[in-house]
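The chain below stands alone, shown as structure tokens; this is the form predicted on its own.
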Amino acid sequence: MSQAVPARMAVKLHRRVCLVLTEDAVLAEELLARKKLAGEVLGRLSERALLIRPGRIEAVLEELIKMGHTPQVVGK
């Protein structure tokens, strides 16, 4: 009985990044549909995780609050 060897994949670890983690994929889509927020997003890491441009956390927080959300900030 032979064991399967796991495939290798490149992994990058980044410190001090800002992510917006939503409760579901629909909310992430809603945020990306908003022009002011979409411009601050560097990429979508998963259905629920958005990577925010460096130094733009305050602008993102302001826009989320304008939209009626109550963002929880962790590690600021």
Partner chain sequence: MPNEPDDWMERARQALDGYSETLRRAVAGTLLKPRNPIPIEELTERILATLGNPPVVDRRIADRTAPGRALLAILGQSRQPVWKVGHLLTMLAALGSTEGFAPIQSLLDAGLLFPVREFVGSPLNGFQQWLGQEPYPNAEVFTLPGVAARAKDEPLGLPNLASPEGPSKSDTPRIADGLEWPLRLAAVGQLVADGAMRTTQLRALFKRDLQRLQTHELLAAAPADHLVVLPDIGVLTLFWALGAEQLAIIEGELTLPKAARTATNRPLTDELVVLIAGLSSIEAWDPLLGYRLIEGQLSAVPSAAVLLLLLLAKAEPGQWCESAPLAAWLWEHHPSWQNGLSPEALQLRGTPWVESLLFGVFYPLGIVEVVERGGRFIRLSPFGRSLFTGGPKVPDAPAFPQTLMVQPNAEIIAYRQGLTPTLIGRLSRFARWKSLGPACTMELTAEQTYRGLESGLTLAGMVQTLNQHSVRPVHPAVMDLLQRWANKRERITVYSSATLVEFLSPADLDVAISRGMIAVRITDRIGLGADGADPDYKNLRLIGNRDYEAKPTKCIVVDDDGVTLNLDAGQTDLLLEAEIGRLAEPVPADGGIVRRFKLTPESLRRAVLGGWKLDDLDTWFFARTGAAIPAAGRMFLSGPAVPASLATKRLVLQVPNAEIADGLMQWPTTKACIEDRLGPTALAVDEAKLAPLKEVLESLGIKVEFA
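Positions refer to the first chain, counted from 1. Please read all numbers here as calculations on a predicted model, not as lab measurements.
The same protein also has a form predicted together with its partner chain, omitted here; what follows describes it.
- With a 4.5 Å cutoff on heavy atoms, residue 49 counts as touching its partner chain in the predicted complex.
- Contact check for residue 59: no non-hydrogen atom falls within 4.5 Å of its partner chain in the predicted complex.
- Remark: residue 36 does not count among the residues lining its partner chain in the predicted complex, judged by a heavy atom distance of 4.5 Å or less.
- In the predicted complex, none of the heavy atoms of residue 32 sits within 4.5 Å of a heavy atom of its partner chain.
- Taking its partner chain as it sits in the predicted complex, the stretch 14-38 comes within 4.5 angstroms of it through a non-hydrogen atom at 14, 15, 16, 17, 18, 19, 20, 21, 22, 23, 24, 27, 31.
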